[in-house]
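We begin with a single chain expressed as C-alpha cells, specifically the form predicted on its own.
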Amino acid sequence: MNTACDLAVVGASFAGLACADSAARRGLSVVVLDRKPAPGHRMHTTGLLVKEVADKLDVPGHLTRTIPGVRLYAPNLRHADLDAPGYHFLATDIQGLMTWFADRATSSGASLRFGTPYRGAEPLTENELRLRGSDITARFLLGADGPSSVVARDFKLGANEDFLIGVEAEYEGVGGVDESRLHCFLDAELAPGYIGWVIPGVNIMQVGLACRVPGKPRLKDFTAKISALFDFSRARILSHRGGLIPVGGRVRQWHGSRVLLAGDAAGIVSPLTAGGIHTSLESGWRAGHAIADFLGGAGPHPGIALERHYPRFRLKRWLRHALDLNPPNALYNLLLGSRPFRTLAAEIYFHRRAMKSRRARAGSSAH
C-alpha cells in the first residue's frame, strides 16, 4: 500500500516538528520519519530556551523552570552576575518538551513514524520522490536530521564542517547551586573554544561542557573543579548525553529542486553561542510555510523564499574565529574584572533585541 504525501520530513527534531506542524496547518499532508523509538529519546541538547522562544510558545509550566540571570565564572572561579530586566531563560524537561511538540504536530494533522530510519530517496516522477525501504512517496522532502545530515549527503547538498563537541550529565542531589542563575564557566584548558555550564533543570541539575573539535571535553575534570563551588557529595548521575554542534554557519548549498534542509542540518546554529533551538524552530516553521506556498502554486521555490530568513551569521562567524584563538586563562581572569567585558557578555547572553529596550546589568565587580 502506497502512502502518498505532500511533504516528508526526516527527523523529529525541533526544526522537523516545527516544519511538520506549520505545513500541516497550511493544509499539506505530512509524514515525519525518525529512527528514534520515541520523541526526545537520547536528545543531544541542553534543552535551554531563550526568552524569544518562550514568548512565542505556550509550553506547559510543569515542563520548564525559569532562570532569570547568568553567573559567569573566570577560570579562577571568581564570578560576575549578569541580568537584563524582563529577560529570562527556560530550562526544560527535554523529553517532555519534545513529546509536547510531537503532540502539537499530530494535532495539526501530521503523521509521525518513530522507529523508522531514512534510507534514501529517488525520483519517481519529475515532481515526486520515493523514499527507499518504505511505502512513502512525497512531493517534497525536508532534511531536519541533525548536524551530520544523511539527507544532505544523499542529495549532495552542503555539509557542516566546523563543530563543537559537547557532553552533559544529568544529576540529582547536587547542593549549593543558586537556582536563579545559569552558571557558565570560561576555561581555555577544559573548554577551549566554548564554555562549561551548570543548569538548574526541571527536577535535575545539568552539568556539561563543550570544546572545539578535535578537542575532547573532559567532563570528569570539570566536575572535580566545580566541586569547590557546589556540593556533589550526595550527587547521583541519572544520564549522559553528548554530540556535535555545528558552528560554521549556514551550509553553502541547503536546497535542491525537491529538497530543503533546516535546523542543524542547514547549519542554522549561532557560531558564537552554539544556540540552535531558537533558530531551528524558526527555520522549520518558515520552511513549512514556504513549502506549502510552493506546492500550492502561491510562492517561489522554498530556497528562494527562505534566502533572507536563513541567517548567514557573518558577524558571529568572525567572533567565532576570535574565540577559536582560545585566550589563555590568565587573560580570562583579568577580563572578568573589566566592565566592558561584562557588558559584552551581557549582550551576548541576552541578545541585542533585548538590549534595545532595556539596559542589561553586569555585576559591578567580579566576586
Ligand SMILES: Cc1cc2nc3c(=O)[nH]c(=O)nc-3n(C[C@H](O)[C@H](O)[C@H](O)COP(=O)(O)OP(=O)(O)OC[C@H]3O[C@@H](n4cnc5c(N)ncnc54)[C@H](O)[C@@H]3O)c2cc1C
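Just so you know, these numbers come straight off a predicted model, no measurement behind them. In case it trips you up, residue 1 is the first one in the sequence shown, and so on.
Below, we turn to the form predicted together with the named molecule, even though it does not appear here.
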- For Thr116, is any heavy atom within 4.5 Å of the named molecule in the predicted bound form, or not? yes
- Can any non-hydrogen atom of Ala23 be found within 4.5 angstroms of the named molecule in the predicted bound form? no
- Query: Could you tell me if Val269 has a non-hydrogen atom within 4.5 Å of the named molecule in the predicted bound form?
  - Reply: yes
- Item | Partner contact for Gly47 in the predicted bound form: the named molecule, 4.5 angstroms, heavy atom | yes
- Of Leu77, Leu244, Ala188, Ile204, which residue is found within 4.5 angstroms of the named molecule in the predicted bound form when only non-hydrogen atoms are counted? Leu244
- Query: Among His301, Lys36, Arg65, Lys51, which has any heavy atom within 4.5 Å of the named molecule in the predicted bound form?
  - Reply: Lys36
- Message: Only one of 244 to 252, 288 to 296, 78 to 86, 169 to 177 has heavy atoms within 4.5 Å of the named molecule in the predicted bound form; I'd like to know which.
- Response: 244 to 252
- Item | Residues in 142 to 164 close to the named molecule in the predicted bound form, defined by a heavy atom within 4.5 Å, in order | Ala144, Asp145, Gly146, Pro147, Val150
